[in-house]
Each structure stands twice: as C-alpha cells, then as structure tokens.
Ligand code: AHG
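One chain follows as structure tokens, the form predicted alone.
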Amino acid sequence: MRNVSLTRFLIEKEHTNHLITGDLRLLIEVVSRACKAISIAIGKGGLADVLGGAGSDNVQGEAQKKLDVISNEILLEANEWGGHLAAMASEEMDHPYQIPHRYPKGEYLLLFDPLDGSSNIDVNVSVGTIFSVLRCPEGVEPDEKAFLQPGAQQVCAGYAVYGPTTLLVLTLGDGVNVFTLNRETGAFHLTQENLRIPADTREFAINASNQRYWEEPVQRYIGELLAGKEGPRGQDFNMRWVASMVADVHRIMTRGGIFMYPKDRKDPGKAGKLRLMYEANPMAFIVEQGGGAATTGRERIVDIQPTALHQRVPVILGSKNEVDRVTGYHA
C-alpha cells in the first residue's frame, strides 16, 4: 500500500483525472478534520463529561445524547466559513443551516448525520458520522427544496467509524477507498483501495425483535436464512446486529453481508426507520460504488425523488445477490 495521505489522494484526483474541483477537495478535507475532532471528543468519554443525555430532543422526537449535540456543532463550525458551501442540513436540525452572511458561499450542499448510532455511545460500541455532498442547483436559493435531489446526484459521500481505529470511508463516484487516522500525526492515510463487497454472503444484519411486524417478503427471506442447511438455501447463515448503521455497514463493506431495516407495521405512519437524506442515500451510494446493491425492497434507493428533508425509507443493502433476492420477493 502506498503511503498516501488523504490530502495527497484528493490532489491527485483533482489534477490527474479532474474528478473533483478544488472547492470539493477542500470541503472533504474540512469534513475529515471535523471527524477527527469528533473522534477526539468520543475518545475522552467520561473524562470530559460528554456521555449521557443532552436533555433535549431532535426533530424526529428522539432524545439527544450530549455527543449528538457536540458532533453537530463541530461539523457546523468547521464548515461554515470555508467558502465551499451554500448551506448545510443535519439530522439533528429542523431546517437547513444557512451560511452566515459574513462568510463567502460556495456551490455545494453538505448533509450529515453527525453521530450515527449514538444510543450505543454510553456502552463504548463503535459509532460514526455519515455525510453526503450535492451541488446546489444554479440560481436556486439554498433552502430545503435545494436539498431535495435524488441520491444519484451525489458528488461525494462517506462515513467515519469511531472504533478501535478511526476510519474514513469515501467515494467520489469512482470506487470506495478507506483512510485510517494516524493518531500520532493527526492525518488520515490511505489503507484500502477500491473496496469491493462480495456478491454472495452468509451473514445478515436485522433487528429481529421487530419480526412480528415484518411484511411477508421479509418474513420469507429471513425464514429461509434461519432454516440453514435444512432449508431451501442449503447453507447456514450468521446474524450480526450492532444497532449502529455505520458499524453494520462497514462490516458488510469489509467482508460482505446484507443489512436490512425494512418497512414494517410497527408504526404504520412511518414509511421506514432510516432517513433518506442523511443515512440511506450516502450509504446506498457507497455500497453501489463497492459493487453492492441498495433498495427499499421495491425500488433503488438513489433513484427516489425526496419530498422532505427528514423523509424516512426502508433500507436493504449489501451483497448484490442477496439484495436482489429480497427485492425479487417484494416484486
């Protein structure tokens, strides 16, 4: 593996094949520095009194952790002044965050889930940050409507995993690369190139406690997996469930598998559990760039035309042959 820093990697992409602009390169670097700051805050844990609840709810009515609020502020403050963005949107905020007038504005829109899986933070389980970059339509005010673009129009997506090591997984639309944070130098370095998801798998990730609410296609699929060698699949499958989307998806990116948060009858008023703009779209883009597939069970996720900033959708993603099978059962 070449000893390539994230900065050098991005400069090569800018100059060699003109895949990204200078502004997008600088934007990604700023996001990476914000992720490093979040990693440091998480690493301090109880020593810095950052664990536990914040005493407030987010726009979805979910109780916020202190680190939800801290991570959100880190990303906002790091990105508001660089001149690369027209606006930002966060899972933790009701409305888009407008760039203050005292700072220059750019052509990009940044969306993020500042701390995915934060319900696990107090028990020291891996959590992460998910982000997505869109172009602001020319001549359009950077309000909520500007963000409502299908995931296929993303110019960049990535996530950070805060675990035993801090990783940054990134796609610019030409494959998936992994960078590891060197805690001694404070720089991200390329450690895996062109990450590929195996098309077949024997691992699945799903919240089995919701089984009684699943639709028939999901009941059928999971039933086949649980039947193992004696069932129609003729082989045993293992279930892995961290309840942190970043951790579950990164395992799939690394060794294959299928992640499912399907539509169910638990809350009929919600189309799904996960947010299209902050979780489903960026993860679907990354998974597809790694050779996998991502659908709702009925349609490709990145083809969905968003109707609201905090829209929820069902998510089925990972190894292509398994995702295709579940999607076929829905059809």
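The first residue of the sequence shown is number 1, and the count goes up from there. For clarity, every value in this text was computed on a predicted model and none was experimentally measured.
The discussion below concerns the form predicted in complex with the ligand, not included here.
Residues with any non-hydrogen atom within 4.5 angstroms of the ligand in the model of the complex fall in just one of 238 to 246, 187 to 195, 81 to 89, 167 to 175: 238 to 246. Proximity of Y221 to the ligand in the model of the complex falls outside the 4.5 Å heavy atom cutoff. Heavy atoms of R275 reach within 4.5 Å of the ligand in the model of the complex, making it an interface residue. Contact annotation for G117: at least one heavy atom lies within 4.5 Å of the ligand in the model of the complex. Mapping the unseen interface onto this chain, N207 counts among the residues with a heavy atom inside 4.5 Å of the ligand in the model of the complex. Interface residue among Y108, W214, F147, Y261 relative to the ligand in the model of the complex, by the heavy atom within 4.5 Å criterion: Y261.
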